[in-house]
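Okay, so here's just one chain, in C-alpha cells, the form predicted alone.
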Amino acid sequence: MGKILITGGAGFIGSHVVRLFVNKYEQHHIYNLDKLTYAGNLENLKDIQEKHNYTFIRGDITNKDFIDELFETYKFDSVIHLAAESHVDRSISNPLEFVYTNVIGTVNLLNAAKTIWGCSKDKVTENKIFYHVSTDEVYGTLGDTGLFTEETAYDPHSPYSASKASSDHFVRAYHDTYNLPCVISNCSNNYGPNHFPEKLIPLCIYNIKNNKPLPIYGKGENVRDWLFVEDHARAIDAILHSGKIGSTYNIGGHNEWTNIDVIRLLCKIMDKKLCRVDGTNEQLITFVKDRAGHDLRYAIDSSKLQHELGWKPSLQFEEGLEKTVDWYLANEEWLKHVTSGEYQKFYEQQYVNR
C-alpha cells in the first residue's frame, strides 16, 4: 500500500483519516485529492501539511480526463474514497450536484483504478484495494426497534442517500464484473472537531456561542447513532488493512440519541463552559418545519467489524460531545474563517481547480 489516494481528504471525516495515515504510516505516501468546495478546508490539516509523506492535489472527481491522468501519473496502490456531497438539505434543493459528484465521480475513480491495475474477471489483482466509504442512510429508516446490518435491503429516501446507494451499487458491480478489489463501509452519524457548521452539532455549538436560535426539525424525535470521528478513522484503517475483499462493514457508535436530547445535553455542557446559568441555552431551542423525507431512526449493528477486525468505539457520547465542544471553543479562528468563507478566497488564489 505504498501510494494511498484519499479523496475528500480536506473535509471533516477525510481530514481525520489523512492525519491518521500520514502520522501512522510514514513508509507510505498519502495523496489527498480534494476539490476544496465549501466543506473542504486545508486548515484542517495544518499540522501535517509539511510531512515528507504527504501531498495535496486539488481536483474534481467528476473530471474524467483529470482522474485518468492522475492515476496514470501516480499509479496508486490503494484508494480510500470519501469525497462526496453529503448534506441532505442541499440534496433536496440541488439533487443533480449529488448525482454528478457521488455517482459519476465514483464511477470515474472506479474506471481509472480498473485500468491502471489491469483488472479483469479472469485474474486476481494482488496488493491493490478500492475502499468506498458510504453511509447508513442508504438503508432508509427504522422503527422503534432493530438495527441496520450488512444484509439490510437498501431503501434510500433523499436524493443524497439515493446517490450514495447508487455509488455503492457501482462499486459492487465493478467487483463482480471486473474483479476490482473493493470493500465498502456504511457508517452512522459522525461528530467531532473540524465539522462544517451546517450539520446539527457544530451548527448548534456556533449558535449557542452567539446566542442565536437552535433550529430543530419537527419535534426533535429523530434518532441517530453517533460516532466520534476519530473512531471512524480507526475503523477505516482496520478495514483497509484487514478487511475481506468484496465485503461490506457497518460502522456504528452504539450511541442512539434523539436530536432534541442531543441538543439539550449540548446546552447543558455549554452552560457550564460559557459560565451561563443552568437552562440559559435551552431557551434558544426553536422547532421548525420538518424536512421532506426525514428518516425517523438510524441504528447500526457493527458486530461484524468488531468480531472480524477487533475494532470498537473508544468514547461514549457524553465524553465525546464535551471533547468536541472544547475543540470548537479553543479554535475560534478556524470557526471564524469557516463561517466567513475567508478560506475559500485564499484557495482560489493558491490552487488551480482541475
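In this text, residue numbers run from 1 along the sequence as written. Predicted, not measured: the structure shown is a model, and the values here were computed from it.
A second form of this protein, the form predicted in complex with ligand NAD, is not displayed here; the remarks below concern that form.
- Residue-level contacts in the predicted complex: of Asn179, Asn255, Ser86, Ser166, one residue has a heavy atom within 4.5 Å of ligand NAD, and it is Ser86.
- With the partner removed from view, the residue among Ser91, Asn108, Asn190, Thr248 that has a non-hydrogen atom within 4.5 Å of ligand NAD in the predicted complex turns out to be Asn190.
- Picking from 321-329, 28-36, 45-53, 305-313 the stretch near ligand NAD in the predicted complex, with a 4.5 Å limit on heavy atoms, gives 28-36.
- Ligand NAD is not shown here, and in the predicted complex it never comes within 4.5 Å of any heavy atom of Val79.
- The closest non-hydrogen atom of Ala113 lies beyond 4.5 Å of ligand NAD in the predicted complex.
- Looking at Lys199, you'd find a heavy atom of it within 4.5 angstroms of ligand NAD in the predicted complex.
- Contact check for Val338: every heavy atom lies farther than 4.5 Å from ligand NAD in the predicted complex.
- The partner is not shown here, but in the predicted complex the stretch 4-28 reaches within 4.5 angstroms of ligand NAD through a heavy atom at Gly8, Ala10, Gly11, Phe12, Ile13, Gly14.
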